[in-house]
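Before any questions on how it binds or moves, here is one chain, the form predicted alone, in structure tokens.
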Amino acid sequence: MAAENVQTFTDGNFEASVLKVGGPVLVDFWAEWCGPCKRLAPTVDALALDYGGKVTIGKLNVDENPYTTVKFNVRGIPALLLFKGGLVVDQVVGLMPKEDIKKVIDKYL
């Protein structure tokens, strides 16, 4: 289960919660059946703590939200897409160490 500071994104709230947010938003595209996604979850929770107030961080279940998954061309999971000003500015696909993900985020702060 996601930490309380990790938002849940859906096809229904994606535009308001991600695309219309001014600052950086990190979206973790994941699925219940995905082993690497489950291993990445604690890292995403830790990033949400580290970047509280600076970066919005949330998860989107690809099985439950196919529209957004297809719209952003997510083919492999886990996939972390970093949005800023409504656009994808960077992405990380696969299981990555926390420090590598932080380097990607820090470029946009």
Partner chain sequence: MIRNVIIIGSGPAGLTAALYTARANMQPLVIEGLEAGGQLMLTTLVENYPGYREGIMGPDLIADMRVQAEKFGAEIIQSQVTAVELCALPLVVRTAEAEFRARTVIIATGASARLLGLPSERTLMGHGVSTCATCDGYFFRGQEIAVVGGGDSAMEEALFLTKFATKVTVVHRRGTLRASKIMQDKARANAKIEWRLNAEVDQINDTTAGEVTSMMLRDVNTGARTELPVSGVFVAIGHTPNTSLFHGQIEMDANGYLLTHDGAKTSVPGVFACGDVQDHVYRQAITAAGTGCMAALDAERYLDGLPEHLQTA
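Residue numbers count along the first chain shown, from 1. All values reported here derive from a predicted model rather than from experimental measurement.
One more form of this protein exists, namely the form predicted in complex with the partner chain; it is left out here, but the text below deals with it.
> Heavy atom within 4.5 Å of the partner chain in the predicted bound form: which of 74, 55, 82, 47?
Replying inline: Only one listed residue qualifies here, and that residue is 74.
> For the spot marked by 6, 59 and 106, is every residue within 4.5 Å of the partner chain in the predicted bound form through some heavy atom?
Replying inline: Heavy-atom distance to the partner chain in the predicted bound form: none of the three under 4.5 Å.
> Does residue 96 reach the partner chain in the predicted bound form if we count a contact as any heavy atom within 4.5 Å?
Replying inline: Contact check for residue 96: yes, within 4.5 Å of the partner chain in the predicted bound form.
> Is residue 17 close enough to the partner chain in the predicted bound form to count, meaning some heavy atom within 4.5 Å?
Replying inline: No, no contact at 4.5 Å.
> What residues in 24-41 sit within 4.5 Å of the partner chain in the predicted bound form, counting heavy atoms only?
Replying inline: If the 4.5 Å heavy-atom criterion is applied to the partner chain in the predicted bound form, 24-41 yields 33, 36, 39.
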